[in-house]
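One chain comes next, on its own, written out as structure tokens in the form predicted on its own.
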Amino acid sequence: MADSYRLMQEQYVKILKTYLEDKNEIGLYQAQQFSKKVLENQISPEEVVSLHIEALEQFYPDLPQGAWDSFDFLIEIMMGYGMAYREHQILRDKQKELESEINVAANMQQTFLPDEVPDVEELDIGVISVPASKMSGDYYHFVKDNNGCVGVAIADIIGKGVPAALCMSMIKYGMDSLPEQRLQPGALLENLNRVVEQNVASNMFITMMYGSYDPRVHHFYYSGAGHEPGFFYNRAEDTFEELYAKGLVLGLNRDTQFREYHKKIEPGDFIVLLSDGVTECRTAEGFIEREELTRLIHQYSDLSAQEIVNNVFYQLEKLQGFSLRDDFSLIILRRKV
């Protein structure tokens, strides 16, 4: 350490001498480069002042005593500054470490979501899920059984950040471990509710809507656990109605039972599932009304399901100044034939 300081001292003397003799840009450039070495070698601000004093003693040994005393004063100031700066560096390093861990968690969280939607001849499926920050509290899931039935889940973890990501992993584990009755919405939510109640902290709750489309009879069966109601679009009547499913949030009561509902789906009809980040889109005038959302969906209803969700997201993001205030998830399932 002493050798390193001595080397820095020699370099500083040369740089300062060059600048005092020539007073040009070269000396200033060398000073900038030297400051980088100061940071690399973790030289404190008060030590830099000491380097300057030692150099001045060589160049101007006859400086008045008042000048030398002023440097002692400056060193005291730099000692306080240096301590604050080192604390800042420690906090910054910790923040970088935390951000790195959050990035790893966010990347891992993305692996919980499906890579692609199921390929079903009878259905046109569109999905978009965009987090408001790095970590999302929204989750969606697709599953297709041997009979061609398509199950779809959309969930919202009440909470954000790493705790929400851990809950999301629990949901995925719970859904992946369920037996074949997983496509029966009521039974699925009851099983998943017990998994959540046993394994998730008491202050964490999960809302979910789960539905199953049976292409053999073209019925959509669904149940809800305190989740934001979706919509059913009737093509023949050109109307929207709420897809409401009453039920407690997951994890609140181990013995909760969930009622099952169903809709007959005709060609051109579609189901809309969403998170509250869609219906609670906040603009300068306040939250948008659900009627405004259905009008927006209807505006693009002649497009494919994926184009509908993409356009709706763009328009709602635009209303919010392209700055999401909550996680946004929107799924559309439309019967083709």
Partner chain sequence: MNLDIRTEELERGTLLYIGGEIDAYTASQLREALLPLTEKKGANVVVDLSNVNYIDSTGLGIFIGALKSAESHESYLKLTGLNERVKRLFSITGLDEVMDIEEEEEAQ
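Nothing here was measured: the structure is a model prediction, and the numbers come from that model. Positions refer to the first chain, counted from 1.
Here the subject shifts to the form predicted in complex with the partner chain, a form of this protein not shown in this document.
I77: touches the partner chain in the predicted complex, heavy atom cutoff 4.5 angstroms: Close contact is absent here: in the predicted complex, I77 is far from the partner chain, nothing within 4.5 Å, heavy atoms only.
4.5 Å heavy atom contact, E280 to the partner chain in the predicted complex: Taking the distances in the predicted complex, the answer for E280 is yes, it comes within 4.5 Å of the partner chain.
Distance check, R290 to the partner chain in the predicted complex, heavy atom within 4.5 Å: Judged by the heavy-atom cut-off of 4.5 Å, R290 is in contact with the partner chain in the predicted complex.
Flag I102 as yes or no: does it have a non-hydrogen atom within 4.5 angstroms of any non-hydrogen atom of the partner chain in the predicted complex? I102 lies outside the contact set for the partner chain.
Honest question, do V143, N147 and G211 all end up within 4.5 Å of the partner chain in the predicted complex by heavy atom distance? No: none of V143, N147 and G211 comes within 4.5 Å of the partner chain in the predicted complex.
Residue stretch of 226-234, 166-174, 89-97, 131-139 approaching the partner chain in the predicted complex, non-hydrogen atom distance within 4.5 Å: Result for this chain: 226-234.
Here the chain is shown alone; which of V127, I154, L243, V249 has a heavy atom within 4.5 Å of the partner chain in the predicted complex? When the partner chain is considered in the predicted complex, the option within 4.5 Å is V249.
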